[in-house]
Every structure is written in structure tokens, then in C-alpha cells.
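Okay, so we've got a single protein chain in two different forms coming up as C-alpha cells, structure 1 first and structure 2 after it.
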Structure 1
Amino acid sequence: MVTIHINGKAVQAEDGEMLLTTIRRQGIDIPALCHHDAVEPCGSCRLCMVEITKKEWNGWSRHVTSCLYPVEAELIIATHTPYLQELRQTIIELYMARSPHSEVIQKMAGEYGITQTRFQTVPDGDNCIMCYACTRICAELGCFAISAAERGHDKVISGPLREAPVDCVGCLSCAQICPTHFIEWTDDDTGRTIWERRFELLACKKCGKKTITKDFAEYQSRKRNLPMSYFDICDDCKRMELSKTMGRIVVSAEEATQ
């Protein structure tokens, strides 16, 4: 544990944890789009910037992405200086130009009182802000199914060679983690579609409720040594089975003592 100072308040923090974690633990709200606890930080959205200094820096300060900056003893941090607010507003305006139709960006702009962007809007700009949360979570999973393809303006997230990702197991983690809800998927009676791939959804052998994709169950089974039989029935039916099994034990114990 080390002591740091956030907005004038002395705070205890875990040595080496990222500043953003400490700041958020204090209940201080700073925007962050590309951060998620389940993936390695990458500092791409720049929204989580804070000002840091130390006593011995003789009045000098730095602006750093807090999601990527490890805590050090005696850091002095400011999270909402006028300069930082201006910086965040500029970044939000850039995102408004990049993704003019994103509700998440619009909401964030609203919170900062921004009504229009001073940058030239990409009229058909999609909602992908290139934060790589999706590729990072897929890597965490060990699938590495998606990555960035092409360069510059044409850069997109997709499977290798801009084709449907062969290594995708259809778990939806990428779609769930995407901060701007850009990644689309659909579930219907016959299966799931994501990244232009079609997946079979497992159906509970008792009640028919759809659970996860067959590929994802097989992936867990292979990587984590879970028997495929664990995926035979759904959670509702499993709880009913648990009640019945325990019930049987109770009944036979009662009979034995009579």
C-alpha cells in the first residue's frame, strides 16, 4: 500500500495498480471507453487522462492515461482541471465526427454539454472507435479470431483477410464488451449469427431452452477439461434436478431411520 493524493485528498492505493482503478474506487467519475477489467489496458480512447505531478517535480506536471499508469507513492493527481475537461471535450468531438450515429458518444457529449463537433464529420462513419476491446477480449479467450485489417481510413476489425473468422466460437464476448455496441449479432430459432458466421445453439435436452453455441461448449470442454455432458441441459432444469436428487437423499435417509 502506498499513499497518493487525488484532488487534494490522501488516498491509499495498491502499489502498481493502475491509477484509473484507484480513482474509480474513490467514486470519482472519469470517462473511459476502452477500459475493461477483463482485458489488458491499451490506452486508445484517451478519455481517462489525468494530470499527475510530484512534490519534487518543481511545479512540472504531466498528462497521462490513467488506465495505463501504475500507481507510485506520493503521486499528486488532478482529475477534473479545466484543461483536462477541454481535452476530453476535444476527444469527444473527434469521436462525434468519427461516429456521428453512436448513441453512446452522443450521450457522453450531452454530459459534457457539447452539441456539435468542430471537426469534419464522416457522414457514414460507423460506431467502431478502434479501441480493440473486442480483439483484446477474444485474445483473453485464447481464440484470436478477430483483428484489425487494412490501414488508415480503411482500417476495420474483422477475421483474417477480411473473411469470416474461422477461429470464432460465437461466444459474443466481443459484442458484449464493445463500448459503443457496434458488433452485431442475431439469435434465432435455428442458431446464432456473428461475424458472418453461423453457429448452432445448444438446446436443453429437457426443455429445449437455447444456451450457448456448440462451438463454445466444445471450446470450454477442450480448453478447460469440462465434460460435454455438463452442457446437456439448461440451468433451470439443472436446478430442478438438484432439488430432486437432494430430495431423494432426504427421503431415503428418512426411510432408513423409521
Structure 2
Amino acid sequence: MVTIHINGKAVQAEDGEMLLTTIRRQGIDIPALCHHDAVEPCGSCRLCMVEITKKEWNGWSRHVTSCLYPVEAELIIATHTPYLQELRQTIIELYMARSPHSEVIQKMAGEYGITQTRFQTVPDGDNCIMCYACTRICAELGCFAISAAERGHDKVISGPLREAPVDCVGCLSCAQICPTHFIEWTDDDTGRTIWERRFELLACKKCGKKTITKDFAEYQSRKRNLPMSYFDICDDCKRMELSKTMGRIVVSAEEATQ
């Protein structure tokens, strides 16, 4: 454990953990659109920047992305200085210009008192803010189905050569981790559609509820060495069956003691 100082308060932190984790544990709200506990941080959104200094730095300070900067003994952190607030407002305005129709960005702008952006707006801009959360979670799963393509203003997240990603298994991890709900998908009685691909959905053999895609089940079967029959029953039915089994064990144990 090390001692750091956040906004004038001494705080104990785990040696090596990132500043953002420690700061949020103190109940201090810092925006971080690209951050998610399921993946390694990348600092792409820049909203979580804080000011750091130390006594021996003799008044010198620097600004760092808190999701990527590990705690250090006697570090002094300021999270909401006027400069930092202005910096975050500027970043949000840039996102407003890129993604003018994003409800998430508009809500964040309202929280910072921003009603319009000073920057040239992309009228048909989509809700992707290039935080790479989707590509990181896809890589974490081992699929590597999507990535950034093109450069500059033309950069997009897509499959290879901007085609439907052949390695996608339809697991929805990318859509669920996306902070601005950019990635569209649909489920219906016949299957799932995402990234311009159509997937067959498995159905629970007990209750009939649709569960995961057949492609994802096959992928999990290979990766985790599971039989495909493992996916015949949904998690809810498995829990129900387990609770019934445990109930029978308890009853049998009580009867044995009588």
C-alpha cells in the first residue's frame, strides 16, 4: 500500500493500480468514455486527465491520463482544476462536432454546461468516437474480427477491407462495451444480425429461450474444451436445476438427522 493525496485528502492505494481506479474508489466522478474494467486501458478519450505533482517537484506539475498512470508514493493529484474542466469541455466539444447525434455525448455536454460546439460539425457524423473499446474486447476474446480501417477523418471500425468480418462470432461483446451505442444489432425469431452478418441463434432445449449464436458456442467449445451439449440448456434453467438439486440434498440431509 502507498499513500497518495487526492484533492488534499490522504488516501491509501494499492501499489501499481491506476490512478483512475483509486480516484473513483473515493467517490470522485471523472469522465472516461474509453475505460471499461473488462479490457486494458488505452487512454484514447483523454477525458480522465488529472494534474499530478510531488513536494520535491518544487511547484512543477504535469497532466496525465489517470487510467494509464500508476499510483506512486506521495503523489499529489488534483482532479477538477479550472484548467482540467476547460480541457474536458474542449474534448467534449470535439466529440459533439464528430458525433452530433450521440445522446451520450449530448448528455455529457449538458453536465458540463455546453450547449454547442465551437468546432466544425460533421452533419452526418456517426456515434463512433474511436475509443477502440470494441476492438480491444474483440482482441481480448481472441477473435480479432474488427479493427480500425482508413486514416484521419475517414477512419472507421470495420472488418478487414471494410467487409463483413468473417471472424465475428456474433457474441455482442463489442456492442455491449461501446460507450455511445454505435454498434447496431438485432435479434429476431430467425437469428441475429450484426456487422452485416447473419447468425443462427441457439435455443434452450428446456424453456425454448434464444441464447447465444451457434458460431459463438462453437468458438467457446473449441477455446474452453467444452462439449456442444453444454449449450443445450440456458443459464437460467441450469440455475433452476441446481437450486432443485440443492433443495433435494437439504431435504435428504434433514430426513437423515430425524
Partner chain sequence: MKYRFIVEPWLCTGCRTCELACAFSHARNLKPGRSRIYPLAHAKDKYVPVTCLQCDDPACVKSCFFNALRRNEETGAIELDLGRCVKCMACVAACPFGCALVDEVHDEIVKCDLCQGDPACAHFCPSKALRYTRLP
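Just so you know, these numbers come straight off a predicted model, no measurement behind them. Quick note, the numbers are simply positions in structure 1, starting from 1. We call the rigid core whatever largest set of C-alpha positions still superposes within 1.5 Å between the two forms.
Handout entry: Structure number, where the criterion is the form predicted in complex with its partner chain
Key = Structure 1 is the one predicted in complex with its partner chain.
Practice task
Align both forms on the core first, then report whether E14 has a C-alpha shift of 2 Å or more between structure 1 and structure 2.
Solution key: Comparing the forms between structure 1 and structure 2, which are aligned on their rigid core, E14 does not shift its C-alpha by 2 Å or more.
Exercise for the section: Please say whether, between structure 1 and structure 2, the C-alpha of K244 moves by 2 Å or more once the core is aligned. Expected result: Yes: K244 shifts by at least 2 Å between structure 1 and structure 2.
Problem - For D235, CA displacement between structure 1 and structure 2 after the core is overlaid, in Å - result: For D235, the C-alpha ends up 3.1 Å from its position in the other form.
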